[in-house]
Every structure is written in C-alpha cells, then in structure tokens.
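Below you'll find only one chain, the form predicted alone, shown as structure tokens.
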C-alpha cells in the first residue's frame, strides 16, 4: 500500500524554496538544517530571526490574500525568482501552520498590492479598508450601474490645502472612520457624486466632494483614462498620500503613489 510520501511526494518534489507564513520557532527549526531549498519566512515580524524575511504590514485573514501579498513581496525583494516552484506553508484551520500548497512564482501576475501597502504612510488597515470599498464598488456598482470613485488616503492636511470643495462636506463635523460597515455604506452612496474622498492616515474621513488642484503635468496614465485618474496621480506626486481610483469606464481599481501607477486590479478577479 502506498504511503503518504508516495501520494503527496510530488507536492514537495523539486521545489526551489519553502515559504513559511508566521511559523513558530519550533516549526522553523525543523527547516534550518535542510540544504535542498531556500527558506523564506513571511509575517508581520521576524520572530524566528530568519535570514530571509518578507514583512506583512498586517495579518491577512484571507489565506489567498496572505499568500498573494507574501509572494509579491518576495518577488519585489528578489528573494524568489519568476518561475520558482514554491511550497507555501500557512495556517488555515488553527493558529499553527497546518496547510501546504504548491505555487509557481509568476511575475506576470504582479498586481502591485505589495507596493500599495509597503509604500504608504497610512495605517495598513486603513489602506485595506479603502481598497475593499473600491473593490466592492467595482463589483456591484451603484444600483447595478458602473460607477467611478476617487479616494485619497494619508497626508490629509496637505491634500486639503491642495484641493477645494465642490459642495457641502457631509463629514465636516463628524468623527467617522473607514472600516465601520455603516460608514462604508455611506462612502458607497456618496461615491456617485463628483469629487474625491479625503481620508487621514488613521482612517478618519476628512471630506468628500473635493476638487484636486495639483497640475497634471508629467503624470503618465494609461490611455483611455481621464481626469479622475490624472488628479489621483498628481495629488500623490505633490503629497505623501496614496490614491485609490475606481474607473467607471473599464471597472478596474488602480492606485497611485508618488505620481506613479503602482496597482491595477480587476475587482472580479480579486
């Protein structure tokens, strides 16, 4: 009768690296004397003192998000290479590592999600919440119709100084934050109106209906995109904010940092 090694042996055969997501010290020690492949640790902190480490900005509850972010970070840092066969060990059903999957590192599948978090001064949970609002809007739209939206996250004081109101600010005297389900519903409702949402580093919604005034000179955006994306790119060149933009025309979510496009993702594939 075949043993487990015979059944699952192909899962580990010829892998280039093992990627351990937040391993315990004892689990990590099992691999320290293995010479057949590289060991990469991914987590919010390098608690095991691994030589090769990729930092997660937050604990991703969703396993696919956790693995996607970790592998993009590993590719970005050059600790794995395009085409590498990887055995990814992570936790799904318990606090400890209990699941192993085989994944091929694919530079072509790069979305920019690692850049979005790693290069933002805003709280990672805030970035994640705003991205999720944009993704959900991209999937569902407003009453079944496509909608565009622009969220500027971080460096809110400077962003406010480089913009002007288009209408009454419904958040002027409030202290609401992104991530609250009720607030997220409000954001989706207000998104059908013109202007940008301005959100602080800590997630406070500072304003809606803002017209961004920085010059678009030198901002390069994909063909077919218009003023919303141009403004989103320009404001990040002149401030330390990031912008997350949902396109009404093609339905994609894009993010800008330092005047550069760093993320492009299809909400239906996210």
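The shown structure was predicted, so the numbers you read here are calculated from the model rather than taken from an experiment. Positions refer to the first chain, counted from 1.
The same protein also exists as the form predicted together with a small molecule; that form is not shown, yet it is the one meant from here on.
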(request) Give a yes or no for residue 248: in the predicted bound form, does one of its heavy atoms lie within 4.5 Å of a heavy atom belonging to the small molecule? (result) yes
(message) I'd like to know if residue 231 sits close to the small molecule in the predicted bound form, meaning any non-hydrogen atom pair within 4.5 angstroms.
(response) yes
(request) Would you check, heavy atoms only and a 4.5 Å threshold, whether residue 27 touches the small molecule in the predicted bound form? (result) no
(message) Please tell me whether any heavy atom belonging to residue 195 falls inside 4.5 Å of a heavy atom of the small molecule, as the geometry stands in the predicted bound form.
(response) yes
(request) Name the stretch, out of 204-212, 62-70, 236-244, 37-45, where some heavy atom lies within 4.5 Å of the small molecule in the predicted bound form. (result) 204-212
(request) Check each of 74, 133, 150, 86 and return the one that places a heavy atom within 4.5 angstroms of the small molecule in the predicted bound form. (result) 150
(request) Quick one: from 219, 50, 225, 56, grab the residue that has a heavy atom within 4.5 Å of the small molecule in the predicted bound form. (result) 225
